[in-house]
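Two separate entries follow, structure 1 and structure 2, each one form of the same protein chain as structure tokens.
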Structure 1
């Protein structure tokens, strides 16, 4: 179980998290939705210790990781796979080396057959094994995202954080990724935290959905509950309307 208690995080004058509470159960897939810039990626970074909260506590399986550093934090991070929003592929390495990168440290047992692992994971994300020899710069945006996903799951972590896994993919490929996320949950019992704006995907893969607004979780429920929610915030978000309580800070062209 991962538990976030009273997280606060401020960048300069920008109060991003304002006392956020959230519990993630073992084996569930939970989706965090919220407007652009609401702090979804910031939450994921707190969970793996890439960012430290100003206030609050983060525990993973009852271990308080809030102030862990160095090797102790590394031990916890080993259980996590992280799909970065921008992919974050190492551009000096090939696709294959990228995917195999974590194996050496995290799964020495798999490292010897790394080429097989690479081919297998590429298959899972709908890519051909031949692209293992390419450099990230030679890939399309959607392919980069999928390679990054392959890298995040290569060492079979028990928690996977997906930052917008289907953004930039065509609808069919998005569904391939949805099936992959569902499949990992079913076959390996993976706990997933997904950040997405793609409501089709969210309803398909999530056990629960949380809505982030103004630095707090303002709604939390099963997919069904969120889909039929009468909360105006939630309704506005899932129907994608610019009219409602959420005022985006964009000046309309008049």
Structure 2
């Protein structure tokens, strides 16, 4: 359904993507793992059309989106829900208003019944409809993440992009989010693309895992294939060892 072909992206002197290729299958949950600054979030922004590659092409359902602009690009973007790393809720709006934000433009048919949409989506992420009247400041970190997820699915997208969905959460709440990702894939039939450092999460939710290193996908396989990989790059990342082919710059604390 989504194809990334030969993507290249440079910011100043930093070559982030260096001819990246990746095929994403309909209905799967695929996780992209890699070190900090490797370009995982940059990939998500290219997929949803927020960034344009310097070279290469991205196709969504056989439509090349790299050359699309304006209304044509907006029509493609309506198919995507995006869970931002920090949630990105609007503090001045209520929970319900946050979830319904954008419905008028994206799904005017649903906007007429936005309160029903809010209650339904809150239920899907395990929250009671009564919290719709609260402000984000009144919520815990885990609740904020779930509200942000409810907003991402409010207009019933075909794809959900998750940017570090378990960052900042304790292990139990992280597993709650993992279960939600699995549940939404089954109940909504969505295609999910996740970027994360959390290997526990990656192994639980993923149909396939791709490893990003030096601007390319260097390993791709099922959770079990990645877990038992003999590739030294993959093994080092999974174990979190500072020794191996992945070299990190470490500055001594004086």
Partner chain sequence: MGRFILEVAESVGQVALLWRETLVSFVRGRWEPRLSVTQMAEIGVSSFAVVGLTSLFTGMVLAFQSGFSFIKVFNEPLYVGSVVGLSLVKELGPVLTSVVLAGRVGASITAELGTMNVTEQIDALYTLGTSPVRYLAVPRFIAMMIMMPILAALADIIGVIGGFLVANLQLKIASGVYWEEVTTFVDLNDVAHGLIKAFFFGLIIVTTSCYKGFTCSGGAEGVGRATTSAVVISMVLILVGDYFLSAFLVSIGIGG
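Residue numbers count along the first chain shown, from 1. All values derive from a computational prediction rather than experimental measurement. We call the rigid core the largest set of C-alpha positions that still match within 1.5 Å between the two forms.
Asks: Look at both copies of the chain and name the one that is the form predicted alone.
Replies: Comparing the pair, one sees that structure 2 is the form predicted alone and the remaining one is not.
Asks: Let me spell it out: two rigid parts, one turning against the other between the two structures. At which of 209, 95, 40, 81 is the hinge?
Replies: So the residue sitting at the hinge would be 81.
Asks: Quick question: how big is the domain rotation between the two structures, taking the chain as two rigid parts and the angle in degrees?
Replies: Rigid-part rotation, C-alpha based: 16 degrees.
Asks: Following alignment on the rigid core, what Cα displacement (Å) is computed for residue 126 between the two structures?
Replies: Its C-alpha moves by 5.1 Å once the cores are overlaid.
Asks: On a rigid core superposition, how far has the CA of residue 148 moved between the two structures, in Å, if you could check?
Replies: After core superposition, the C-alpha of residue 148 moves 2.4 Å between the two structures.
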